[in-house]
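Next up, structure tokens for two forms of one chain, structure 1 and then structure 2.
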Structure 1
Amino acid sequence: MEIIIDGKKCEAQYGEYLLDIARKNGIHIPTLCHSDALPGQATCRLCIVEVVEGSRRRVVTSCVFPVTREVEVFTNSEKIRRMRKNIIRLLSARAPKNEFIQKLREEYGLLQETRFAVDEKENCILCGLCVRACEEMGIFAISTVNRGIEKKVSTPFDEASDVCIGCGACAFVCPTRAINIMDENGVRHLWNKEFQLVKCQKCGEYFTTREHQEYMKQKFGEDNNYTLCEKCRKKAAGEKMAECYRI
């Protein structure tokens, strides 16, 4: 089917999300909480757009809005810009010094926030991606705790988690780099806990924690190669494939 986004005709598949269609056609829609690895989070609401179906106009969240018929979409209308500015202001009040939030403020011409109380040390926007990543790993080491203005992401009682394997999936998906992860002298520091890092058997670079390595072995079996970093695994797979073609 064909839809129109900001005056541009775009091909779309039934059920395809608006954000994906826009990106395929080079149309910019700002996002923070969207991750290709964990789609459908839809918490930051930055990707709102205006959809017109006949005489009906409505604001939808493009990352979770499936296209089922021909529609016209406006990603940067006056109404959307006004709503998006308010969202950015609230995010800025939550994490005023964050570089990603600052870029959004500049993009939308917003001055320094004066109306809302701000916490200059905060970077977390409570999007929940880190918690979801931990759950998808099957670990459940972190969660959102407390309520209201005290709400945050943490381990139980802010103590070192017994189940955390230090994989870093939470930090990898965080859109604002709010999770402090530090690798130093073969040791990873994460969530008030220290993890011993292991080296890739081929390149010698530290690439994961011992706990993560053991967890993957238990989950997927000893036959899989967990002694190589991702770069070396890909290289080894490519060499193996090339060898098969030569044979």
Structure 2
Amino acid sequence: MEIIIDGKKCEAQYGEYLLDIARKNGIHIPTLCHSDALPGQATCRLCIVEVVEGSRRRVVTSCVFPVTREVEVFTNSEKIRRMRKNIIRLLSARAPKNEFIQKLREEYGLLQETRFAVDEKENCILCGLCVRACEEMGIFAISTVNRGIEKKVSTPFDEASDVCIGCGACAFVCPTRAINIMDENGVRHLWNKEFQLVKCQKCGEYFTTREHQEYMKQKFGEDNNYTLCEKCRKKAAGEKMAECYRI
């Protein structure tokens, strides 16, 4: 199937997501809540585009819009730019000092927000990726709490969670680096909890928390080298492979 994006002919599979097709063809659509590993959030709405089908013209969210027909797509029409600008304006009112949002704001020629009451310390845009990441880890330490304008991400009762292993997957996926994660003197501070960091047996660098290490061992077995940091583990795997070839 062939669709047209911003005048360019693009090959598409039935059911493939519009955003993926655009990216494959080098067409840039801004996103925040999209992660290839954890697709389908569709909460930031930055990736909106216009889809034209005959006389029907509509705005869709490209990250979750499956292509099922030969359509024409406009990712940067005047209308889309105007709406995207307003979304960025809202985001920058929410997280005024965030560097990622600031970059978007500059890209779209917006001034620093002045009309709205802002909280300068806020960085979270509630994309939900951290919660998803925690779920995928199988931990379920954090979730969204409350609803509407009061919504936030937190642990139950805002307390240190007894299931959190401090793996930091949440902070890793966060598109705005909003999650406070701090490693200091062999201790990781995350979600109101402190974790003992462990050192890599090879290079001697702190690399993860004891709880995380235990969890991985339990889940995938002792022999998977959870005593090494990622770098050393890769290196070890490489060496092992090289050894195999030498034989």
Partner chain sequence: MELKDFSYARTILEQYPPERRFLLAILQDIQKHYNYIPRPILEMLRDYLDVPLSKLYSVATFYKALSLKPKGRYVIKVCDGTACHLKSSQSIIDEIKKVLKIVPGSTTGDGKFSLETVNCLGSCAVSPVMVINDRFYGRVTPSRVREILEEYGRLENEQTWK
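Since we're looking at a predicted model, the values are computed, not measured. FYI, numbering is relative to structure 1, first residue = 1. The term rigid core refers to the maximal set of C-alpha atoms that superpose within 1.5 Å between the two forms.
In this pair, structure 2 matches the form predicted together with the partner chain, whereas the other structure does not. When the structures are compared between the two structures, the hinge, where C-alphas stop matching one rigid part best and start matching the other, is found at I125 among T208, I125, A22, C170. When the larger part is held fixed by a C-alpha superposition, the smaller rigid part turns by 9° between the two structures. We note a C-alpha movement of 4.2 Å at G148 between the two structures, with the rigid core held in register. Taking the core as reference, the Cα of E184 moves 2.4 angstrom between the two structures.
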